[in-house]
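Here are two versions of the same chain, shown separately as C-alpha cells and labelled structure 1 and structure 2.
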Structure 1
C-alpha cells in the first residue's frame, strides 16, 4: 500500500513555521516513514503544476502556514484545499494574520512605499513592483498584492487550527504522533474546527509568577524598568497579554522575564482577542476619575498594536479603515 501524502506550504509568512517543523529533530523521520511528502517548497523541488495535476482529495494532510497577502497565496490556498482531505491552518499567520497582518493598519500604498523607499533601501530610481511587465521575450508577472491580508479561513474552509508563532516543537511532535495513531486506527481525529497542538486555558494559567490583586496606577515599558522576577508582570504595570492568550507554550515568555505578547492567539471562548484585553487591562486600572484614567492609559503607547499584534486580520474588525478603504 502506498503511503498517505503530506504537503506543507508557506504563504505570507517568515519561514519560522518551517524551521519549527524541522526542529522536531528525529521525529521528522516518523513523518518520512509514515507519509509520502508530495509538496513542500522549503524542503523539496516541486512545481505548482504538479499539484494542479494531482487528483482532488489525494493529499491526506496539508499544513498551510502564512496569511493570504496576494493572488498567488489565494490561488495555492484554494488549490491545496481542493487537493487535501485535511487542511490545517498552521501557525499564527494562517490562523489569525500574525505580524504580516499588522499591515492591515495601513493603506496598501503606504505599505509598499515603506518597503521600497525607506532610508535603508537602495532604490535611487524609486522603482515599484509592477504586477505585469512587458519584455522583448513576452509579458512577465509577479503576484498582485491585496489591500488587506486575510487569514486562511477567510479564503477557504479550514479543518484544524494550530496556533503559535511558531507552534512549539513539542506540540508539533504531539500532533504528528496523533495523526500517525489515527492512520493506524489507534486514535480518532478531534472534531472539525478544533484548535490542535495547544492548551484549553490561558497563558496566565500556566504562568508560575506570583499573583495578588492587580491594581495599577501606571503602565510601564519592560525595557525601562527593573521588573520583579517573581511577581506577575501585569501587576507591575507591564502590559502582559497572558490573560487573553491561549495556553500551550508553558508560559515561555513570562518565565524568561518577558511579557506575553500573545502569539498563541485567543484563548478558548474568546471571540475578539483585543476586546478581551481591553477588558483585562481596563480592570486593573486603579482609578475612578476620567482624567486620571486617561493619564494612566497614556502609558500604553500603542494599545491597538499591543492588543492585535498577532490577531488583527483575524479580529472582528479585521483591518483599520485606511487599509480596507485603500482597496475601494
Structure 2
C-alpha cells in the first residue's frame, strides 16, 4: 500500500521555514517513514509538470510557505490547492505577508528601482529584469512581479494556518505527530481554518518578566536602554509586541532580553494587530496631556514597522482587490 503524499513549496519568503523543518532533526525521519515526498523543490529534483500530471487531491498534505509576489507564486498556489487535500499556510509569510509584505507601502517600480539602482547594488549598466528574453536556445521567461504581495488565503482556500517566522521546530514536530496519529486513526484533525502549531493566548502570558505599575514617560530603542532583566520590557518604555502576539514561542525573545517583534502574528481574537498594539502602548503612558502623549509616541522610531512588521499584507490595511492588478 502506497504512503500518503507530502509536498512543500517556497514562494515569496526567505527560506527560513525550510530550514525550520530540517531543524526537527531525527523527526524528519518520521516524515519519510509515513509520507512519500513528491514535491519539495528546495530538497529534491521536482518539476512543475510532474505535479500537473498528478490526480486532483492526490497529495494529502502541502506546507506552503511564502506570500504571493509574482505570477509563478500564484500559479503554483492554485496548482497545489487543486492537487492537495490539506493545504497549510506555513509560516508568517504565507499567513500574514511578513517582511516582504512591507513592500506594499511602495509602488512596484520603486521596489525594483531600490533593488537595482541604489548604492548597495553594482549595476553600472542599469540592467532591469525582463519578463522574457530571447536566447539562441529559445525564449526564457522569469516570473512577473505583481503590484502588491498577497497572503496565501487571498489567492486560494486554506485549510490551516501555522504562524511563526519561522514556526518553532518543536511546534512543527508536534503537528507532524498529530498528522501521523490521524493517519493511524488515533486522532482527528482540528476544524478547518484553525491555527495549528501555536498557542491560544499571548506572548505576555508566556513571559516570566514581572509586571508592575505602568508609568511610561518615553519609548526608546532597546539598544539605548538599560533594561531591568526581570521587569516587563513594555513597562520600561521598550516597545514590546507581546500584548498582541500569539503565544507558542515560549516568549523566547523577552526571555533573552529582546522585545517581542510579533512574528507569531495576531493573538486569538485580535481583529487588527496594529490597532491592538496602539491600544496596548497607549495604556502604559503616564500622562493625560495630549501634547505630552504625542511626544512620548514620537519615541516610536518606525510605527509602521513596529505595528505591521509581519502582517501588513494580511491586516485591515491590506491592499484592495483593484490594487492587485493596477500597479498604482
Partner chain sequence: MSEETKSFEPTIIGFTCNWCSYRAADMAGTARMKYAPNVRLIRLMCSGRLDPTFVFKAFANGADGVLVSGCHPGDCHYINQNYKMLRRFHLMKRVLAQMGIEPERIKLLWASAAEGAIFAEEVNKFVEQVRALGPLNWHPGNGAASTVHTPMSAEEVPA
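Positions refer to the first chain, counted from 1. Bear in mind the structure is a predicted one, so any value in this text is a computation, not a measurement. Rigid core: the largest C-alpha set superposing within 1.5 Å between the two forms.
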query	finding
Identity of the form predicted together with the partner chain, given as 1 or 2	1
Residue 319: Cα shift of 2 Å or greater between the two structures (core-aligned)	yes
